[in-house]
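Just one chain is shown here, as structure tokens, and it is the form predicted alone.
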Amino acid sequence: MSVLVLIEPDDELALQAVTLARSLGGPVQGISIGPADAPVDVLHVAQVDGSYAPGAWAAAVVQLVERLAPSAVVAPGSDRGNEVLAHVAARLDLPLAANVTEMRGDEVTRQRWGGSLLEEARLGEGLKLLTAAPHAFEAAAGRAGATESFAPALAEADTAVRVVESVGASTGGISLAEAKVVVSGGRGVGSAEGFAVLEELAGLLGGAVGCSRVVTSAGWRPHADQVGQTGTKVSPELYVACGISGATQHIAGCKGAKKLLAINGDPEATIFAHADYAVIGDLHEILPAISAELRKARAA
């Protein structure tokens, strides 16, 4: 039996979901809403007009499930992937295992509480519905073997909830989710103006600026900059956490980083337990010093 995976165009998490789908055995077929490409045996392109509508996307998935009878449906562990598969689970009256890190027959390991807890669970017989935990799998490479189009039958209720406008964040051309370096600030930065030293360092490193939830709550930075369980989940080569305490919700967003450098004036800060490198001190003195050394090295 085949495995069906939900594909979003230009989505790294969707390619990670393909890797989970491949691990389940059997041919891997994909479903995308509109044009896309992914390393699956067959990509089914659903012709759904308009912007993102979770009900319409779920209807397309359910109709393809009824036609293909796959053993499992896998989606990326993104906001949209989790939302669409939740709709699918409700329509099919089936359980959904979200944020899966491993699947062994009917047994599944998945992340709970923002990744601070791993749960071992067992899914019953029948169709398995899974989302892949972000950055728990390598992104699959390649292109679709074949492409087929189909037009799902949609009811008016399927498009009652839909995206009517998207406002892009101003990131200087560097996406927070794709940046190789993220310089992130928390309460310890002190103010919106205090982020100037973070922006300077991020600019020198070709990276992006992120922040913790408390910063967005204070209105210092937009929500688009938030890293964490309710923000963006990142996996840069280097994550620089400045004045961030290390709450579980924030660690859930940056745990995919290859290296974590923590800068904090509190030697007891929880963030140090997760850090590869630690600097105890005033970030407003340390960051300008790092930036000055970088400029000096480049001028030499």
Partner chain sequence: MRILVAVKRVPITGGRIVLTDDGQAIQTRHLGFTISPHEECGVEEAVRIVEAQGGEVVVLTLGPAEAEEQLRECMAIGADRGIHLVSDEEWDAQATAAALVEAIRAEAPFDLIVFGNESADAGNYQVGIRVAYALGLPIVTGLKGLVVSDGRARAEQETASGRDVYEVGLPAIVTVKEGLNLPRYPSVPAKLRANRKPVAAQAVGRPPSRLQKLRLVVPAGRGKQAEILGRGPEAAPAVVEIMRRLGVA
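Note that the rigid core is defined as the largest set of C-alphas that superpose within 1.5 Å between two forms. Just so we're clear, the structure is a prediction, and the values are computed from it rather than from any experiment. Residue numbers count along the first chain shown, from 1.
Missing here is the form predicted in complex with the partner chain; even so, the following discussion is about that form.
Colleague: Can E83 be called a contact residue for the partner chain in the predicted bound form at 4.5 Å between heavy atoms?
Modeller: Within the cut-off, so yes.
Colleague: Quick one: does L123 come within 4.5 Å of the partner chain in the predicted bound form, counting heavy atoms only?
Modeller: L123 belongs to the contact set for the partner chain.
Colleague: Answer for F150 alone: is it within 4.5 Å of the partner chain in the predicted bound form, judged on heavy atom distances?
Modeller: Contact with the partner chain, no.
Colleague: Though only this chain appears here, would I290 touch the partner chain in the predicted bound form if you measure heavy atom gaps against 4.5 Å?
Modeller: Yes, I290 lies within 4.5 Å of the partner chain in the predicted bound form.
Colleague: Spot the stretch among 191-199, 137-145, 84-92, 68-76 with residues whose non-hydrogen atoms come within 4.5 Å of the partner chain in the predicted bound form.
Modeller: Of the stretches listed, the one contacting the partner is 84-92.
Colleague: Kindly indicate whether S166, K259 and V279 are, all three, within 4.5 angstroms of the partner chain in the predicted bound form, using heavy atoms.
Modeller: Each of the three qualifies.
Colleague: For N264, state whether the C-alpha moves by 2 Å or more between this form and the one not shown after rigid core superposition.
Modeller: N264 C-alpha, core-superposed: shift of 2 Å or more.
Colleague: After a rigid core superposition, would you say the CA of P236 moves by 2 angstroms or more between this form and the one not shown, or not?
Modeller: The answer is yes, as the C-alpha of P236 shifts between this form and the one not shown by 2 Å or more after core alignment.
Colleague: How about P70 - superposed on the rigid core, does its CA move between this form and the one not shown by 2 Å or more?
Modeller: Comparing forms between this form and the one not shown, the P70 CA shifts below 2 Å.
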